[in-house]
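Coming up is one lone chain in structure tokens, specifically the form predicted on its own.
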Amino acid sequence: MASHTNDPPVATDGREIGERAKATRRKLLDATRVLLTRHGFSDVRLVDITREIGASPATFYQYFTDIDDALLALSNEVTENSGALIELLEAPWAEPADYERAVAFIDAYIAYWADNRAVLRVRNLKAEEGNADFRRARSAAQLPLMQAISTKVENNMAAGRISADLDTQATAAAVLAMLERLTAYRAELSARGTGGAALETTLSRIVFQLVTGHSNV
């Protein structure tokens, strides 16, 4: 079932597919995503996916070995989309005035999760269950973010703005774990009275203070 993010789509027998076939494959993926969002992973059935686009199960099996294969393809697409977050981390976070850059990153991260929540939660569940393909998809999305945050921590540590006894990788991992956990359960937090603006501000301030050492912004 292994699939790589930058590989062109192929049929399950390994043949390259043409534009018409790519369009059909795209419809199947879009239908899978719609049903995943609408019903949740446990209730997504192959027959419902194909019915959504007026196709047969045989058509599905031309492009995917099973539903997990389609979910992996969606996970890899989400990984590709995470590149925009890296761009927001490339500018320095060193001075208090850079706080707005942290806000922009948190905004984008929350939007990324809001747009891809169903796929990301399935990806993470499969990864936690030990599925190697989904673990690779998660790592491909997270490791570049982790490295960018780690570099910021290292730079601010070298400048004496934050404690030198912090481990840069552990700090970056803690930041990402917090962001992922809280944004994944944004709806639950909202039900308990924590609105979107409050979550955005809280995460922005915590992350900026942790990474730069600046608390009064």
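None of these values were measured; they are calculated from a predicted model. So that there is no doubt, residue numbering starts at 1 and follows the sequence shown.
Another form exists, predicted in complex with another copy of the chain; not displayed. Remarks below refer to it.
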{"query": "Non-hydrogen atom contact residue 146 with another copy of the chain in the predicted bound form at 4.5 angstroms", "finding": "yes"}
{"query": "4.5 Å heavy atom contact, residue 129 to another copy of the chain in the predicted bound form", "finding": "yes"}
{"query": "In the predicted bound form, residue 41 touching another copy of the chain (heavy atom, 4.5 Å)", "finding": "yes"}
{"query": "Any non-hydrogen atom of residue 12 within 4.5 angstroms of another copy of the chain in the predicted bound form", "finding": "no"}
{"query": "4.5 Å heavy atom contact with another copy of the chain in the predicted bound form for all of 125, 167 and 199", "finding": "yes"}
{"query": "Location of another copy of the chain contact in the predicted bound form, chosen stretch of 87-95, 73-81, 133-141, 100-108 [non-hydrogen atom, 4.5 Å]", "finding": "133-141"}
{"query": "Heavy atom within 4.5 Å of another copy of the chain in the predicted bound form - residue from 46, 34, 184, 53", "finding": "184"}
{"query": "Neighbours of another copy of the chain in the predicted bound form among 105-121 [non-hydrogen atom within 4.5 angstroms]", "finding": "121"}
